[in-house]
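Starting off, we have a lone chain in the form predicted on its own, written out as structure tokens.
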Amino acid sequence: MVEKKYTIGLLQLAFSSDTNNNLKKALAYTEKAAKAGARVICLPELYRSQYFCQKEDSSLFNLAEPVQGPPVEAFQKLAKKLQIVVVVPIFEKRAPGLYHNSAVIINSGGEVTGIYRKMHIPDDPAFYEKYYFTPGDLGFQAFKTTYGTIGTLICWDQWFPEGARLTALQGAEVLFYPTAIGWHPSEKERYGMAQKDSWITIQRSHAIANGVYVAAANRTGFEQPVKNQEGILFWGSSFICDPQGVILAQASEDQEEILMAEVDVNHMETIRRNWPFLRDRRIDAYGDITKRYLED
């Protein structure tokens, strides 16, 4: 086997209401990660602002930006300068009144290699995303970059095995999950450990079932943009695991960190040879998976 390895990096950051400062921080941490050896770097979901979906407010659409806007262009320049690949999540303004929760994949030459638009849109207390985001219409994708083939899904997508599978089947070696997930403070004591453990477990299962690396980049810190609501305590805990689900690196709950690990494509090959899940799939028997529910 031809040796193929590269280092990936995740940024776990806390964000303020100052979008310009958030951009500067993200650029600075990206450069720091690159200088430490990361070749493919992923930011948390909606990194330019606090998590604004805690309320429904039409003025917050002003936070949206086009793909070819100054923030993405700043990352394009940085990617070209440092010869890195960057996954940049944005609140995408596609057209007047049409918005997506997206990720822009920037290759090491500074060019935009592709765009992923979040497919699964949640609607839960303080996670009112259906108000803001149109479901993605570009499907699940894998993107060929200078260092390797990567896939990116976003936050709520991480709970759905179908998205992970369809991305892996297109050749993705790593599934990146830019994320903004945390606790309602009043629920943390009773449900917190189980909630976070479920989040880690489901993503490790995607790595195992598909024989790929998984890398989840969460934000950290407490955000309370609506003073009469309890806010969200983001649980950090960003992590990278290998194709057996072994956690290679994991961040704390409450600190800003750069997380790094090596992707070894030969290790993927070895795991898939011994756990040949893709070989044994019964693709002839899965037609009903496209139905909402199967009645008796």
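For clarity, every value in this text was computed on a predicted model and none was experimentally measured. All residue numbers refer to positions in the sequence shown, first residue = 1.
From this point on, the text means the form predicted in complex with another copy of the chain, which you will not see here.
> Please name which of the stretches 220-228, 84-92, 206-214, 106-114 has residues with heavy atoms lying within 4.5 Å of another copy of the chain in the predicted complex.
The contacting stretch here is 206-214.
> With a 4.5 Å heavy atom cut-off, would you call S198 a contact of another copy of the chain in the predicted complex?
Result yes; S198 sits at the interface with another copy of the chain in the predicted complex.
> Even though the partner isn't displayed, in the predicted complex is G136 close enough to another copy of the chain, meaning a heavy atom within 4.5 Å?
G136 belongs to the contact set for another copy of the chain.
> Is there a non-hydrogen atom of L23 within 4.5 angstroms of a non-hydrogen atom of another copy of the chain in the predicted complex?
No, L23 sits far enough from another copy of the chain in the predicted complex that none of its heavy atoms falls within 4.5 Å.
> Decide whether W159 counts as a contact residue for another copy of the chain in the predicted complex under a heavy atom distance cut-off of 4.5 Å.
Flag for W159 set to yes.
> Kindly indicate whether L78, T145 and G148 are, all three, within 4.5 angstroms of another copy of the chain in the predicted complex, using heavy atoms.
No, because L78, T145 and G148 lack any heavy atom that approaches another copy of the chain to within 4.5 Å in the predicted complex.
> Even though the chain is shown alone, can you say which residues of 254-276 have a heavy atom within 4.5 Å of another copy of the chain in the predicted complex?
N274, W275, P276 sit within 4.5 Å of the partner.
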